[in-house]
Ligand code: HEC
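We begin with a single chain expressed as structure tokens, specifically the form predicted on its own.
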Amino acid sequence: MPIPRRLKAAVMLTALAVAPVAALAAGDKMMDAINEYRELLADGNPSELVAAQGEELWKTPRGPKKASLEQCDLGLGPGVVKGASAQLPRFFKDTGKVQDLETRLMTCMETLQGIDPNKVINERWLKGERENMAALVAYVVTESNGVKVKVDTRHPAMKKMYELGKQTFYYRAGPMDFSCATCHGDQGKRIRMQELPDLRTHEGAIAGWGSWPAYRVSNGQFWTMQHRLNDCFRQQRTAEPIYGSDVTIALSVYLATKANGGKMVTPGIKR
């Protein structure tokens, strides 16, 4: 009787986790096994369930104004979701700000539904309105799966954000004296079973930026890009940024610009 694909993936995960040092040194063979494990996991991405919840939230009247988000303008016109996240972050005239997907959704939630952004900003990850945000993000990014990244950096505000993002990427801080570049500024790095793409390059940026947001198998959670970037700061043992802050948006502008022209694979699925 053939072994189910997801059960086979679980068996492979256990085997890889307990692999001896000699096996880890095998290089190509180990990476082939890891890549096969990832392919098995991708068969039935749990993000699909989260995206379905997000689509329902998008269409459901909520908040003090009892309105849906179906007229939310993510940059391609009111209500247009297809391909929208592939062109974010971007400058929005109505707010006078550069916004990523999550901060733009907060704007729509506030203006259309009357939901206070602080209900998202001050919440814990995957609780309350932050959980609703994750579902909405899953829905929106699913609609850009396979679409090429096309971030427009011509506006002066976008240029400024790009430079801030680049400075932040190389800024060393915390007791470990780490920066984003410490892990993502070289070729061929890996931590445990996870490859660390060189985000300075187009190939690395599309492998990283282009596959987030993602479902994390290790904890059974869907993580937005804001969640992922916040966790990077946590792992650097430095101060974690406020949700939706300029520094996180700037990093997204930097990474998205590096990834321009590459194809999005969202939502991704991670170890």
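The structure presented is a predicted model; accordingly, all values stated were derived computationally and were not measured. We number the residues from 1 along the sequence you see.
Same protein, other form: the form predicted in complex with heme C (HEC), not shown, and the subject of what follows.
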query: Which single stretch, out of 134-142, 67-75, 197-205, 149-157, brings residue heavy atoms within 4.5 Å of heme C (HEC) in the model of the complex?
result: 197-205
- request: Note which of 57, 49, 232, 242 lies within 4.5 Å of heme C (HEC) in the model of the complex, where distance is taken over heavy atoms; exactly one does.
  value: 232
- request: Please check if residue 216 has a heavy atom lying within 4.5 Å of any heavy atom of heme C (HEC) in the model of the complex.
  value: yes
query: Within a 4.5 Å heavy atom cut-off, is residue 236 in contact with heme C (HEC) in the model of the complex?
result: yes
- request: Would you check, heavy atoms only and a 4.5 Å threshold, whether residue 179 touches heme C (HEC) in the model of the complex?
  value: yes
field: heme C (HEC) contact in the model of the complex: residue 184, any heavy atom under 4.5 Å
entry: yes
message: What I'd like checked is whether 90, 105 and 130 together line heme C (HEC) in the model of the complex, meaning each has a non-hydrogen atom within 4.5 Å of it.
response: no
- line: Looking in the model of the complex, the residues of 249-271 with a heavy atom no more than 4.5 Å from heme C (HEC), listed in order, are 251, 255, 270, 271
